[in-house]
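Next up: the same protein chain in two forms, each one alone, written as structure tokens (structure 1, then structure 2).
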Structure 1
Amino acid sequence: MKKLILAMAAALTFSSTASADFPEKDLTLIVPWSAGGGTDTIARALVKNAEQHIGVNVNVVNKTGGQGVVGMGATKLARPDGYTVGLITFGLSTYKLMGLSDMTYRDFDLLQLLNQSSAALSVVEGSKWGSLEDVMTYAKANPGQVTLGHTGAGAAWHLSAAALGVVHGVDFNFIPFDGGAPTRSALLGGHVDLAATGIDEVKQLSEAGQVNVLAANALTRHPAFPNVPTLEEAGYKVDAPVLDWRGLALPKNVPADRVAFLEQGFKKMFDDPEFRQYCEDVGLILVYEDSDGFEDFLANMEKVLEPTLDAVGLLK
């Protein structure tokens, strides 16, 4: 029965490829994280002017759960007619390595990379430490005494901080929180000494003078944080930084002409000045890679992640 339905679905899909008018109706963008969160807001900002660029609207649909597995799984299994596009995020690089799911980027047709974010280590304003060196020296002398809050086991920020500890032989007391917001409030309330979050997540707090960003785990300085050194500049180099990323992907087997249309269409939305302005305001660094570049980036990311996950005991 199921096979029959699938066969019928496939037949119908083929028949519709013949018609050149794509898209005829609104597209759906599946976001694997909840409404109002960082990823969701970016998705909504991206498709805000969709109608100007591709002629139809894009409806954002939040399919949450299981660290993004549910939503990305839905994209993977969506009907390959080009009407469903999925937002994919950093978790996809870790699922298989952490034993959460067998899904990897290889299960998708990649469209493009949207952004890369680097981790930032911050202390609350008025902390006894003014630089990364102060922290590292203290932590080395007092192993396990410095509490470091992060956004959840296996998240990019956790792994970034863990890599720093492993490479330089410093033993932090890691305190996992559930997401960026609780991590920030724990830092502000003085419940943890240090916090590892995305650098954009502490932009406003740093501008308001409530937190002091010590260093960023990136190759170059962030334009909105010209005074924050990279780890290497601060004297604590880690080999390749773990970067958080977001991108767009399609289920496999979408007809090639539709893929080409979507590639161009989303690139136009990506280049929309309003979207660019929005990302600059929230401190997000946009990085474009086409499908090939995106694939190289993800392949490389897996190589970086494997030893890091192993070091924190999360490798399955």
Structure 2
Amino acid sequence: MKKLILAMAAALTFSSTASADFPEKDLTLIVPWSAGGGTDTIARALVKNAEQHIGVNVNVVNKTGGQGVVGMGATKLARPDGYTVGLITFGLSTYKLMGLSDMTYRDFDLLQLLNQSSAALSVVEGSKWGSLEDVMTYAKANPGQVTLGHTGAGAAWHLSAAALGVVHGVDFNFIPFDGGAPTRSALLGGHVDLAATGIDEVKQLSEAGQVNVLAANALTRHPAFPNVPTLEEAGYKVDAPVLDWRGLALPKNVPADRVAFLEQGFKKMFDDPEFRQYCEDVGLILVYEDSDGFEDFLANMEKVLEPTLDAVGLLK
């Protein structure tokens, strides 16, 4: 027993000493979606000035596939030494409900919530449809003919559009892509008629006159899109808007002092004036919650999404 106590004391001393030197090298931030999409761009903007706040750089690594399962799974399985942080996203709230994976937010040590985003439905500029009513009228008369690009079955943008179709009796032809960037490219290239994305993801394209944002799935208009109606204002109300979310998490069992360091460091990055100005410029609405608030938010999200998934036939 005495040897065991001494061994535990030595281990604790080593851990404390090692943690006192943390971090000794750059960190990795795993992003589970493709480069160029909304999740990737917010991640890169967040860590742009990391060295100023934590003394080392944070390198973004994109690990895509499986509707985000691959990247978030990589964070879950990473060595719990604090050098790997994961950007977790909306899919983590749906995987288990849909039977895609047993992974939930409970498999991580949460750091913070970063933002919430509403969905937008957009067409390419010059489309034969100038309003959501035009789309819905055509889609009702031609079931399954309107192709709608999104970022995967059960993802926020898919659920937003699917709920619209279910509530108002429209059958869209859903085409999945692995992230916001390829979804936008497909819309611009004429490969889909309509795109469901984060409204912030089409801000630059809208300002450049390349896309026409028809409506947003939100309770109020987005401040950067004062002329874009909500679904209700466009005449197609959906009772519970599906909001996307992004946050930061660690693999389980990272030493507590390292977790505390990372919580403080990433909060400083979140509060960085350059990051906040970037988010304002691109129309990204920031919503901060610490680890406890983030956990409460995610627990409630599962309760909200269960009936939504059931309504569109995706609940397992």
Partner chain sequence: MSFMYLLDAFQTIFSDVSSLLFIVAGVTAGIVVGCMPGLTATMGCALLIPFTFSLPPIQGLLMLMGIFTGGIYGGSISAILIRTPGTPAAAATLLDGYPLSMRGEAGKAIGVGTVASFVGGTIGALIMAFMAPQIAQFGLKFGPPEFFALAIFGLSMIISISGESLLKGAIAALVGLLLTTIGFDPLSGVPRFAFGNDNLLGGITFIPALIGLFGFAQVFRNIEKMEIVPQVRSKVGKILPSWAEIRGLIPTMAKSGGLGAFTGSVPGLGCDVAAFVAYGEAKRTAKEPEKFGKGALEGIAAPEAANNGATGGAMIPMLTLGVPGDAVTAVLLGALTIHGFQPGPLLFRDHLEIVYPIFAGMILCQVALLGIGLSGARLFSKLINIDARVLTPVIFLLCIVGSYSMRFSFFDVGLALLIGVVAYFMGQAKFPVSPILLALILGPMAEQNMRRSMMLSQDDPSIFVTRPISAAFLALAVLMTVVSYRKFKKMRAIEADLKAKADSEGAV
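FYI, numbering is relative to structure 1, first residue = 1. Remember, predicted model here, so these are calculated numbers, not experimental data. Each form is matched to the other, and the largest set of C-alpha atoms that superpose within 1.5 Å is called the rigid core.
Chemist: Can you spot the form predicted together with the partner chain among structures 1 and 2?
Modeler: Structure 1.
Chemist: Of the candidates V146, Q116, A161, E201, which marks the hinge of the rigid-body movement between the two structures?
Modeler: Looking at V146, Q116, A161, E201, only one falls at a hinge: Q116.
Chemist: Give me the smaller rigid part's rotation between the two structures, in whole degrees, relative to the larger part.
Modeler: Angle of the smaller part against the larger: 23 degrees.
Chemist: Any chance you could measure the C-alpha shift of L121 between the two structures with the core superposed, in Å?
Modeler: Its C-alpha moves by 4.8 Å once the cores are overlaid.
Chemist: Rigid core superposed, I'd like the Cα shift of T197 between the two structures in Å.
Modeler: C-alpha shift for T197: 3.3 Å.
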